[in-house]
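Okay, here we've got a single chain as structure tokens, the form predicted on its own, with questions on binding and movement later.
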């Protein structure tokens, strides 16, 4: 890649007068030797999987194998159709679609890790929402995925996208930043505004711990995906309005990495602390694992 951080990505995009998604497509073509058509076709396949997971969670009675989660996506989506939401129909539908994808993941369904399975709902939730509110075609939404991928690439190579390595900030935080940047470019914003959106969104989840109840990617992971979709849209709107992060986005990523390094192991996907160590969580854990837990 010709860029290693977000500042270099903006510089490259502005120098060549191209959106971030175009830079990312060209870099992928350059690195793999594949044609542009094939690269876009591969991303389109991923997009189709995303949208299928969104629809499945909204239409089917999804229930996770543990029985802990399922059905919330349908509840929120139906509530959104009543026209009485406090967030507004678009944002509430984004929440529903993010929950939907995450519930499908918890039920062992097919999803696209963006950038992880634990944060798989945020980008499809935002993209699905924008499809309706902005009247975007499938081809445009696929381009937005390349914008998201560019941000994800930078985060992964300069910090972490692993809950075990950096807490939930690394998973839900990264996905939120990716979705925020994609939303800005899809709305006609500049590369600089897209990166500002990523920084604004990411810095508001710094310190978020990874504390899955019973060690499963369900509670609180699914709900956090729903909230992440709203945060991404808020970051995008702020950036489009001209709001800038006082701390440069690359430094926000650096801060996330440093926070992850000092985060206790109990709060990094081990189910030893946080919500996973509450009395209710321990009862749930006992109900799921029973004798296996006692023997361990």
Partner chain sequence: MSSFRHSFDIIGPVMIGPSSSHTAGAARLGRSARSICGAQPERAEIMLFGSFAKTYKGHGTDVALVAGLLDFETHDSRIPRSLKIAEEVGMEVLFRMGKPNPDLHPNTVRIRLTQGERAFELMGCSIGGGAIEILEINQFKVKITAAYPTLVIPHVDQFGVVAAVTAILSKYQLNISAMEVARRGRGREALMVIGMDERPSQEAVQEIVALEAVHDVSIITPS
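Please read these numbers as outputs of a predicted model, since none were measured by experiment. Residue numbers count along the first chain shown, from 1.
There is also a form predicted together with the partner chain; it is not shown, and the following applies to it.
Put simply, residue 105 is close to the partner chain in the predicted bound form: some heavy atom of it is within 4.5 Å. Contact check for residue 116: a heavy atom falls within 4.5 Å of the partner chain in the predicted bound form. In the predicted bound form, at least one heavy atom of residue 162 sits within 4.5 Å of a heavy atom of the partner chain. The closest heavy atom approach of residue 46 to the partner chain in the predicted bound form falls within 4.5 Å. Note that among 222-230, 189-197, 130-138, 208-216, the stretch whose heavy atoms approach the partner chain to within 4.5 Å in the predicted bound form is 208-216. This chain appears without its partner; in the predicted bound form, the one residue of 184, 95, 178, 201 with a heavy atom within 4.5 Å of the partner chain is 178. Contacts with the partner chain in the predicted bound form, taken as any heavy atom within 4.5 Å, map within 61-90 to 65 alone.
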